[in-house]
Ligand code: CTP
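Here you get one chain, nothing else, as structure tokens; it is the form predicted alone.
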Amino acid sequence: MLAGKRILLIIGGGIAAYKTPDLIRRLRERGAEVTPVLTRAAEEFVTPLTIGAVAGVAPHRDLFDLTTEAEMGHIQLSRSADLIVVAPATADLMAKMAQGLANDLASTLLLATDTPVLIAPAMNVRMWNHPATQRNIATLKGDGVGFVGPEVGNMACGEHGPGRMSEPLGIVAAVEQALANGPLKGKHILVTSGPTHEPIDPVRYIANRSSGAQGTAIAAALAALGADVTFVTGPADVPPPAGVRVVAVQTAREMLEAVQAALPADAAVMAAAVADWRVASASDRKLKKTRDGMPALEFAENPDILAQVSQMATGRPGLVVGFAAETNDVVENATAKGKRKGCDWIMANDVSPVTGIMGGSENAVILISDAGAEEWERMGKVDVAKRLADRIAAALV
């Protein structure tokens, strides 16, 4: 997918720079031409010799290079690329980008360009959460800068949280999506996935058997067709796909908030298995066994996310796809659900235990729309996702 594409890779000064030789290798093995730029701080973590050897070309390092700047080299560099990637994008680099500063080669390149920019942030969790960084993020997104990550995990400083740079293959997937010319290029699609966990007390919760595998595969298939995907996921068994904007939630109410924040969208694929009920007043302490018998749990109804999105008075996605996991009278129950909720399509399947579908690697779905019920043969969930993505692309073009 990247054959002949020219990537200008700006390497910032963070410990995550150690991942950039592998990133360069991964990009080049897919056919991309990578031109590296090192900041002074980056040279504290990776050497110009290493980067040059992996890239096959010497990295650019100095704004005041008499040889290259005689021909305004920074202008040529910034405009000859198909995509500018900043990895790692440190808090300092992001602040310079947001404020339009240009006091070194990297920041000057980023200011003197109209080429699309994709950044992979990497920093300490407190730096990421700082109000100044969050303001800069909002500014950069408003300017059209693309983001991949950061991920949540352990950091070199010993802390845990958001701030880890995405892994090289994740960045490669985001690069492929940014440069994709598929039928969904320019379309924003919202995908929900996974189960929700509704707390009973701090250690117990109500959940279901959804693995999140089907929703994850759908998000990946849509991204592969060029869509800008917002992926709202509950606590799934499978990792989220690369190249999508991930919003992790736990409860149905959190999922509703994330969905509302992600709109507007051209389409919404509501594959999450959202719990219908929650404990009305979850305990803030672990419930103990007592001689008085079982605790009495009072339930409350969770918000109906699919119905709310389908019945929006303004800003409704052009296509809303719901899912119906049934154990009997599949077509009848799913058709009734689609009419009740107001969605355009329903993907119905039989999840009775004998099918092995819930939590398994295969699916057998029936696509229900105004055209009727179309039964698909049983196939892998990745294949189901690809077929659905193709249908969505045909409906949105």
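Because the structure is a prediction, the values reported are computed rather than measured. Residue indices: 1-based, along the sequence shown.
Another form, the form predicted together with ligand CTP, is not on view; read the next lines as being about it.
Of the residues A324, V86, M94, A220, just one reaches ligand CTP in the predicted bound form with a heavy atom at 4.5 Å or closer; this is A324.
In summary, among the residues L110, L184, A81, M270, the only one with a non-hydrogen atom within 4.5 Å of ligand CTP in the predicted bound form is M270. In the predicted bound form, no heavy atom of P116 sits within 4.5 Å of ligand CTP. At the 4.5 Å threshold, heavy atoms of D304 reach ligand CTP in the predicted bound form. By the criterion of a heavy atom within 4.5 Å, R61 is excluded from the residues contacting ligand CTP in the predicted bound form. In the predicted bound form, ligand CTP sits within 4.5 Å of a heavy atom of D276. The stretch that touches ligand CTP in the predicted bound form, counting heavy atoms within 4.5 Å, is 336-344, out of 24-32, 37-45, 361-369, 336-344.
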